[in-house]
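Here you'll find one protein chain in two forms, each presented separately as structure tokens under the names structure 1 and structure 2.
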Structure 1
Amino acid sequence: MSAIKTYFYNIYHSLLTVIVGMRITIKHIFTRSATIQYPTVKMKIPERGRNRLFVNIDDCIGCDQCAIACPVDCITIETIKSTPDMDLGITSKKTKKRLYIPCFDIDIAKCCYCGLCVWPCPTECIVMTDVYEFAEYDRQNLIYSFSNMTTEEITAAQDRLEKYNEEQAAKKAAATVAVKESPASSTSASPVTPPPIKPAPPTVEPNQG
């Protein structure tokens, strides 16, 4: 008796569940689909989303903090000290720029979008933008160069620095010679010798933050 009961119950139950399932699926036919037609319609990305890096090179002071913070070493910064007679301007944060930046390369293919480079920047010049479509056919194209210095400018800056360094070295040599010579000439006359005029330090330590 119970076998017959289960037989009919199974038929009834399977029909019922089929109808329940089909009611659910037909409801979904008439609900709005969740698909976004991506290349033409784009999803709004979060305001603080981390995507492609951008460097506002005019504000960069070449402090190298972002490169140090980067866990994958995708940032390469080279700097050239500027001579005191050159004025590189100030950043938007009112920090004086003292370094030329001939090379500021970010290998975005290595970047892991952690955002660790953004926080230490004293001038807030390295930021993450909302651009996320930058696929390239050649991997070399993914190395972004942010430096705006031309080769001539770089060589000129290097030449100036070298010349300045030579001048400073010559001055220093002259000063030491003078210091050495003066006690030799008048040993007892003036024991108290004025300290040699120290040359101005060629650069200040870069960190201003």
Structure 2
Amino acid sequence: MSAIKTYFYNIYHSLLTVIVGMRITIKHIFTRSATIQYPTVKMKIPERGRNRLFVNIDDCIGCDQCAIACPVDCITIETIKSTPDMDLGITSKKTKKRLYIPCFDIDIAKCCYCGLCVWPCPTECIVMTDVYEFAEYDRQNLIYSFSNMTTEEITAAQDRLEKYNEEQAAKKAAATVAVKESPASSTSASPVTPPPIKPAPPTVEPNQG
């Protein structure tokens, strides 16, 4: 008798297990899905989300503030000073550009997405974007270069600056030589005669009588 009870108990337990499982399945058929069909459907990024960095190089003035603020040194900036005869234009914030930027690289593999580089920028040229899909097989592809200068333009800017510095050094040397070769009478100051010392007036003592 016990074997028959065990037999029917196993049948009952199996059917109950199937019913419980089907009940959960049927319940989720009519429940709103908690997932999305990624990548065809993507969730909206929060307004202050921190993702991949972007630099509008046309607004960059090469102040190096973002690189100084970066705690992991993932930003590399190189600049070349422009000569007075060159006009590099102005930024969208009406700031005059005085430096060429031959190199503005961000190693996004090092970036910790802290956003500290964004706030010091005086021209607001570096921003956090909503791009978060940038996986790469080659690590070198995670180094983003934002400079738009060609090799020829960089060489030309360096040559102009070197020529300008040489001209300024030559002018300074010529001015120094001219001062040294000028007549002594024109450069030496005439002696200053001290004013005569006036004798002190005699002291008149009061009568004691």
Partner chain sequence: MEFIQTLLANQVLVSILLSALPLVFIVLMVLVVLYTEMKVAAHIQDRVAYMRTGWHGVLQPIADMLKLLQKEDIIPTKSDKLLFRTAPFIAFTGTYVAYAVLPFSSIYIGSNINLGAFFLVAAGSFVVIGILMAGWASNNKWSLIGGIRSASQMISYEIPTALAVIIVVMITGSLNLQDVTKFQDGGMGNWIVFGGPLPWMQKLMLMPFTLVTFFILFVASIAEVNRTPFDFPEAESELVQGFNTEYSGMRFAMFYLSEYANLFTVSAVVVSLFLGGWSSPFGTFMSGPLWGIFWFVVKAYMFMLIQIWIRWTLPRLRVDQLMFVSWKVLTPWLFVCILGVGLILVL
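Not measured: the values here are computed from a predicted model. FYI, numbering is relative to structure 1, first residue = 1. For the two forms, the rigid core is made up of the largest set of C-alpha atoms that agree within 1.5 Å on superposition.
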item: Number of the structure representing the form predicted together with the partner chain; value: 1
item: Rigid-body membership between the two structures: T79 with H28; value: no
item: Angle through which the smaller rigid unit swings between the two structures, given in whole degrees; value: 37
item: Rigid core fit between the two structures: Cα deviation of I24 in angstrom; value: 7.8
item: Cα displacement of F8 between the two structures, core-superposed (Å); value: 20.3
